[in-house]
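Shown next as structure tokens: one chain only, the form predicted on its own.
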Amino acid sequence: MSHRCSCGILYATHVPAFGTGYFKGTMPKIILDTDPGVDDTLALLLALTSPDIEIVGITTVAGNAPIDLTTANALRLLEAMDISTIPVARGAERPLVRQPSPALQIHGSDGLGESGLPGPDRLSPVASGAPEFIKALVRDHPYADIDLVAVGPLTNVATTFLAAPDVATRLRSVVIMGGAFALTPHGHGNVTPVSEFNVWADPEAADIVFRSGASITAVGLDVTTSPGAILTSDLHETLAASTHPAARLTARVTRLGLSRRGQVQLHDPLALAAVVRPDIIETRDFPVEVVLSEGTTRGQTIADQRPRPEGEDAPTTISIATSVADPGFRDLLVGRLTGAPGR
């Protein structure tokens, strides 16, 4: 099946070999905005092994690694999975107003856990940049037909919404991995005591997205650092023993993190899982402020939990994840990556 978007790109929709019943008309269509990244790899692999979603495009952004590397990594991963039909658009090389701050000390010099993944040899990005690509895809699909899953800094998303505000409300939803909202005991930061990396990396972009009017679900550190969202050594052994290419690739890119820290936190795949199976997480709605000033609070996401006086206009809110199904999420992830039927 192919489709030409208004940006002039002819591409084929992805038909995976991992299940049946892929085209049913009602399954979510997603654009994955990503900065691969170890946990981004797991999010992409979960998407590729989920027969109940359709990936209509991938966009890359500078974040965990510089843009040249995150773009190459997205293409490497598709080549490793022998998929050539999903278009990849290169995105922002730096935040809106700040300098990039890659996290290669966490993700390895290659961004993929020193996995030594070859390539890319056959694939290359489409001609359009990420914002134009996102805009064209969303406008070429029916209203509320696409979910945008953003698991890196929100630079591409904010740039798109600034240039084309209608895109924010044409999307069915925007699901982000970002923020630390202090709604659970796990809601502390991972860059500063109060700030999560994706928002900290480009807080101005996050502020624009949160105020855009899009239907937003934020899957933050409140749940992605909880015990129900951890890849343990036992689960790693299960993946490494599998014959499924997605499982073996996951084991390969997570080996370094597991050896260094004894576990791998599953930040980005949990955000993707919230689209694949929405009951994986529970959410609550709050107004959110993003701190833009420098210092320890840069990128802090403050959920306003105060009760509102009767008669006061309701503020704009976003849905924030407050818990994750344990072991439901990890069962879903490992089941999909190993090709287990019925997961």
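Counting begins at 1, following the sequence as shown. From a predicted model like this one, the values you see are computed outputs, not experimental measurements.
What comes next is about the form predicted together with alpha-D-ribofuranose (RIB), which does not appear here.
Asker: Is Arg90 a contact residue for alpha-D-ribofuranose (RIB) in the predicted complex, using a 4.5 Å heavy atom cut-off?
Answerer: No - in the predicted complex, heavy atoms of Arg90 and alpha-D-ribofuranose (RIB) never come within 4.5 Å of each other.
Asker: Would Ala180 count as touching alpha-D-ribofuranose (RIB) in the predicted complex under a 4.5 Å heavy atom rule?
Answerer: Answer no; every heavy atom of Ala180 is more than 4.5 Å from alpha-D-ribofuranose (RIB) in the predicted complex.
Asker: Any of the heavy atoms of Arg76 lying within 4.5 Å of alpha-D-ribofuranose (RIB) in the predicted complex?
Answerer: Taking the distances in the predicted complex, the answer for Arg76 is no, it never comes within 4.5 Å of alpha-D-ribofuranose (RIB).
Asker: With the cut-off set at 4.5 Å between non-hydrogen atoms, does Asn198 touch alpha-D-ribofuranose (RIB) in the predicted complex?
Answerer: Yes.
Asker: Considering non-hydrogen atoms and a 4.5 Å limit, which listed residue (Ser242, Asn190, Ser128, Ser212) is close to alpha-D-ribofuranose (RIB) in the predicted complex?
Answerer: Of the candidates Ser242, Asn190, Ser128, Ser212, Asn190 is the one lying within 4.5 Å of alpha-D-ribofuranose (RIB) in the predicted complex.
Asker: What is the one choice in Ala205, Leu270, Ile134, Val151 with a heavy atom within 4.5 Å of alpha-D-ribofuranose (RIB) in the predicted complex?
Answerer: Flagged contact: Val151.
Asker: In the predicted complex, which of the stretches 52 to 60, 297 to 305, 38 to 46, 283 to 291 has residues with heavy atoms within 4.5 Å of alpha-D-ribofuranose (RIB)?
Answerer: That would be stretch 38 to 46.
Asker: Within 4.5 Å of alpha-D-ribofuranose (RIB) in the predicted complex: all of Thr254, Val264 and Arg336, by heavy atom?
Answerer: Judged in the predicted complex, none of Thr254, Val264 and Arg336 sits within 4.5 Å of alpha-D-ribofuranose (RIB).
Asker: Would you mind checking 47 to 80 for residues with a heavy atom within 4.5 Å of alpha-D-ribofuranose (RIB) in the predicted complex?
Answerer: Only a single residue, Asn64, comes within 4.5 Å of the partner.
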